[in-house]
Every structure is written in C-alpha cells, then in structure tokens.
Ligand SMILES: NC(=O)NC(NC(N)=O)C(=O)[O-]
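Below, in structure tokens: the form predicted on its own, a single chain.
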C-alpha cells in the first residue's frame, strides 16, 4: 500500500541543491557522502556498482558504528523559513537504512556559522576530533527538537517515503539531522514557507522568487514538472527542473499560424502564483533554458491584487501585463512591462510545453504589507 502524499509537499522546498541548500558538516561519510541527500535528482540504484569502500549508494551512508554515540549532519537551508514538513526518503536502503532519526533546528548568525569547520566532502572519511571540538562550541545537540526520535522504514518502493508534519511558527536557518545510530538515507526534503525581510520600496526585487516568498497555488497541468520549480533561484541544470505539461490532445492534426506568427491552437495551460510581496511589475523574464523541442509557442502573463485568499481563477478580474509573447527555445526572454499593484499572477502558455524559470522584477508596495 502506497502512502498518501501530504498537503505540505505543495510548499516550496528549501534543502535541495537547486534552491540553495548546503551540507556544512557530517560526522561520517564512509560509504556515501552526505551531499547526496540534497541532490535534486531522484535516487537511483546500481546493484553491481562498488567503490573501494563498499557498495555504491545514492544517499548518505555512514559506517557501522563501533564507537559510542550516533551520526549526524548540519544542513543550511536556502533561506530562513517556517517548516511545514519533511520527507526522509530511504530509497534502496533496505538492509542498511538508518532505523531512527530526529531533527533539530536553530537560527544561526553569520558569526556562529563561521565556527563550523570547512567542509571537505569525501567518501571514506569521518569528522576529526578537532572538528568535533569546534562543533561543540555551537552546542548543536541542544538545538530545538522539531522532530523527536522517529522510526524509519526501509527503502522498498512502498515504504521508502517517510513524511513528517511539523507544527511550529518559528523560522529556522539551520538543521541538525540525527540518525540513530548509523546507516543511510537517500534524500531529505524540507517543505517550508519563507519569511524574508521586507526590502525598501525603491529597490528592484524579484517578486516571483521563492526566496522572497512567492509560491505556486494552482495550475492546470504539471505532468512532467511542477510550476513551483520556475520560482527557484539560479539557472536550471536539467529539463526536469522546470514546469512542463503533457502534450494537449486537442492540438490540431496540422498546425497553421496566424498573421502575427503565433500558432492557431485551441488549447492552453496555466499556473497561478502568489507573489512574495505586493508590488508593481517592471520587467519579466521567461527562461526556456533546457527546453529545446518542447517550449511553448507563446506565454501570456496577467496580474491581480487579491485582498482575500485565492479560491478560484475564474472569479478574478485579471489585468493583462504581458500579452501573448512568442517564445524561442533554450533562451532567456526579457520583457519590459508595467502593472498596477499586484500580489498574484496567472501565467498562461499556449498550447503546452514548458520552461525553466520565471523572473518578475518590480518595486514592493510596502504600505500594503
């Protein structure tokens, strides 16, 4: 029986590489380095693959503990955020998974983070006594416990996904993941709501960045990639790290075009985003990097200011910010625009396809926060 995916997974994820998460410390990396747990890629299994240290595993795996204590690591989140829940994925760790785990959290200043010894990620190694002494200055074992010691399930397909809801209004910057006493996990995902500082009203900021609090709240289709991916910082490295829909079945058998060069197609796909701050849009970027044979023909962007929580797209009086704009493959498209004060946008692609990133630069309307 497969576990139902909880609602908190719709929040943005703040631990993975593509969002800016980073492993700062680990007690042991003997069989597999800790950085693997924040890889964006789904874990894979290579049954015949071995290294000089043992069986190759796509995750973090420590040696069998032969000294007192247990293993743990320190993770820096992409931004200060209120955590809604976790996924601890034990995929393919069947006879070697960590049987229990817990998670502690803290808000570290830059000076406190500077006390952490420089990380060298290398299989077959363990933290030195001097590094452990330096870590003791931070008293990480005394950090706030947000997930108590919890049993993990082995990495078979029907038991690998270990979800854990968190009920807390505190915002955190760093996590300590404890495994008891040793073993391995494949991935850690941290679903959260970011709480950024309010920028000054004369500063141009990306209102659609997940690091500024933007989030995906509704969409028509996400067959190959979720719309929330396009809010991530940085460039995408692979096509899977973007929003991509299925091919529409109502597309005509023979494609023709309009006089303006856009295609005559009946269908479209859409996604709605809540911006990080209310503001006025000045410049938008639609980035089709990695999308070479499956980019949309056009994209349209509309905005609205909602006083109440979003419920239904059809009930909103949308303002057109960017009329249907012709796209090209594997390219950043920068579009100048002007909008009234908005806090939500609807992005519509025609007829289908995908792109990797959305940027919406504007000035924050601080009086409305």
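Computed from a predicted model, the values in this text were never measured in an experiment. Positions refer to the first chain, counted from 1.
Here the subject shifts to the form predicted in complex with the named molecule, a form of this protein not shown in this document.
Asker: Tell me which of 321-329, 36-44, 306-314, 54-62 has residues with heavy atoms within 4.5 angstroms of the named molecule in the predicted bound form?
Answerer: Selected range: 54-62.
Asker: Considering only heavy atoms, tell me if residue 159 and the named molecule come within 4.5 Å of each other in the predicted bound form.
Answerer: Result no; residue 159 lies far from the named molecule in the predicted bound form.
Asker: Can you tell me if residue 236 lies within 4.5 angstroms of the named molecule in the predicted bound form, counting non-hydrogen atoms only?
Answerer: Because no heavy atom of residue 236 falls inside 4.5 Å of the named molecule in the predicted bound form, the answer is no.
Asker: For residue 178, is any heavy atom within 4.5 Å of the named molecule in the predicted bound form, or not?
Answerer: Contact with the named molecule, no.
Asker: Do residue 294 and the named molecule come within 4.5 Å of each other in the predicted bound form, heavy atoms counted?
Answerer: No, residue 294 sits far enough from the named molecule in the predicted bound form that none of its heavy atoms falls within 4.5 Å.
Asker: Pick from 216, 79, 164, 96: which has a non-hydrogen atom within 4.5 Å of the named molecule in the predicted bound form?
Answerer: For this set of options, the contacting one is 96.
Asker: Could you run down 29-45 and flag each residue that has a heavy atom within 4.5 Å of the named molecule in the predicted bound form?
Answerer: Contacting residue: only 31.
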